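In structure tokens, one chain follows: the form predicted on its own.
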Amino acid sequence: MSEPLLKVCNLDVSFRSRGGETHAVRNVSFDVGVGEIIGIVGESGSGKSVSCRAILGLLPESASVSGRIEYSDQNLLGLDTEGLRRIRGRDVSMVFQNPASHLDPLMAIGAQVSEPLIHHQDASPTQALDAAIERLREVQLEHPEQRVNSYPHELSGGMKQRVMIAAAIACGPGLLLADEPTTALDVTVQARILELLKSLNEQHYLSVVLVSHDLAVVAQVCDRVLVMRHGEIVESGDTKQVIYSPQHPYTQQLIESQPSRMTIRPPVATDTDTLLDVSNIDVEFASPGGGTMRALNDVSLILRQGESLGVVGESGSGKSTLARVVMGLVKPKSGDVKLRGQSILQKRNRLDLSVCRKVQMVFQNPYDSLNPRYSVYETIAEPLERHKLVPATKLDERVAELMGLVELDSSLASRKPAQLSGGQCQRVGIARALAMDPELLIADEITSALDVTIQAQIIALLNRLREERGLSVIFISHDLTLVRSFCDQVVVFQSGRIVESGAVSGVLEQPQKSYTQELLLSVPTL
């Protein structure tokens, strides 16, 4: 290995707040060589993202940073704002965990991918747009010539993430900081993105720092691994050495928590009552270029009480649209949705609050679905107060109970979403949904932002709720290993249609359709 491209020496990061000082990163040191890919793994809040943001000076003013960060022998901590702007995007780029929060909602995606080319390489708007189309094609965004005119709200979560990656690599940087870049992606696109990162690494000697909670992803592409906990590096070394011969107990815990090591859940008895009946749903949306696009095509399914139904398929296949139809957030062109034999589409159109209480949804991106001005306490308490579910004298007790149910420490009650990690925000969303004591919980990629140890806890929590309360769950996920471990039945979506369905043990162990087989072959494993 030649002289390191990046040197991080004794990095310390702390945050000032009214409650005192929080130490987020402690004495972290590591190098990244030219053409090297290193992985940083650890639980949510362990300091992974803070370390990456410190490299590019993207921490808030409340942060105190000390140590030394050198890129090509230049101390980045010594640069002023203008100096950092010259580095960002040209020499060092970053892909963030939550693309929806980092894409400008008022700019077409073509303009956003073009922007660094215009700023750093003095490209004309026409040249920059042509290059942007090529970058979007590289990251497997379909029809990039048309998509450059789309806005972020017109894209699925996976599509937004690909746009961010295209913008990050637009200027051909030497170092890419990738903070959970495949979190929102289905397994087939995840495999393509990982292959893209490896290809860029091999062809252009692109160095990559890959932050991930998925050890299987890290095992596929990384040369070395750093394991972080409570702001410190507890283990580091060659990828194979760390994953196959872990020395630290925490690393061993991470490996044992991998979804692929979970056992398959036995199916629910088929004589239970039908809770949800979705029949012949068609949904159409106006397309950017005019005309209509069919998002769901003759979709029908049945969910029994206490059962968990996995919904899988590529990004844009119609999974989240189905969830929004059941929630009443999208009106179908035709078809019906019945809850215990009664149509809930008509009731939702009349704002029947009893339906709202029976069916709750936890969204994929907690930062978009939580009110940024509400504290954790206010977020969970609001539906309890609005629907008068508990007396005022019992409100504090119930909020504390729900926070404990999703493993949220009581000290977080006064914090707002911006002060929480992605995993903590997701647990707040789950607690809020459970506050309504629903019969059906729609979980739209609720574990995508969570590290593997918390994923295991959330799955255990949902299983307990199913057993204790007879809770039914529609579990939308691109993680087929989680679907295999948690769900009884599964439906496979492709281009708005259900192409295969049945018991998990049948569909995911002996798939009949080539598309399902392709999904399974794309799943990363240790």
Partner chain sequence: MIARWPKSLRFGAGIVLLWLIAAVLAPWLTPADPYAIDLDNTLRPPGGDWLMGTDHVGRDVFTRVVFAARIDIWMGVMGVLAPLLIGVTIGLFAGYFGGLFDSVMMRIVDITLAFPFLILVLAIVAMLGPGITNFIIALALVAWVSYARLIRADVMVVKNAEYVQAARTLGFSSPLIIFKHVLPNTISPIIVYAMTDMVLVVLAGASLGFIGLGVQPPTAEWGAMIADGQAYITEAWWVSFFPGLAAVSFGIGLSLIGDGLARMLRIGDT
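Residue numbers count along the first chain shown, from 1. A quick note: this is a predicted structure, and the numbers were derived from the prediction, not measured.
Not on display, but discussed next: the form predicted in complex with the partner chain.
- Could you tell me which one of 413, 123, 345, 370 places a heavy atom within 4.5 Å of the partner chain in the predicted bound form? By the 4.5 Å heavy-atom cutoff, the listed residue in contact is 370.
- Message: Please identify the residue among 205, 374, 244, 285 with any heavy atom within 4.5 Å of the partner chain in the predicted bound form.
- Response: Among 205, 374, 244, 285, a heavy atom within 4.5 Å of the partner chain in the predicted bound form occurs only for 374.
- Does residue 328 reach the partner chain in the predicted bound form if we count a contact as any heavy atom within 4.5 Å? Result yes; residue 328 sits at the interface with the partner chain in the predicted bound form.
- Message: Within 4.5 Å, heavy atoms only: does residue 134 come near the partner chain in the predicted bound form?
- Response: No, residue 134 sits far enough from the partner chain in the predicted bound form that none of its heavy atoms falls within 4.5 Å.
- Looking in the predicted bound form, any heavy atom of residue 403 within 4.5 Å of the partner chain? Contact with the partner chain, no.
- Query: Is residue 250 close to the partner chain in the predicted bound form, meaning a heavy atom pair under 4.5 Å apart or at it?
  - Reply: Judged by the heavy-atom cut-off of 4.5 Å, residue 250 is well away from the partner chain in the predicted bound form.
- Item | the partner chain in the predicted bound form reached by all of 294, 478 and 493, non-hydrogen atom within 4.5 Å | Checking in the predicted bound form: none of 294, 478 and 493 is within 4.5 Å of the partner chain.
- Task: Name the stretch: of 212-220, 376-384, 192-200, 451-459, exactly one has residues whose heavy atoms fall within 4.5 Å of the partner chain in the predicted bound form.
- Result: Only one stretch passes the 4.5 Å heavy-atom test: 376-384.
- Task: Note that the partner chain is not shown here; using its position in the predicted bound form, name the residues of 422-443 with a heavy atom within 4.5 Å of it, in sequence order.
- Result: Those in contact are 432, 436.
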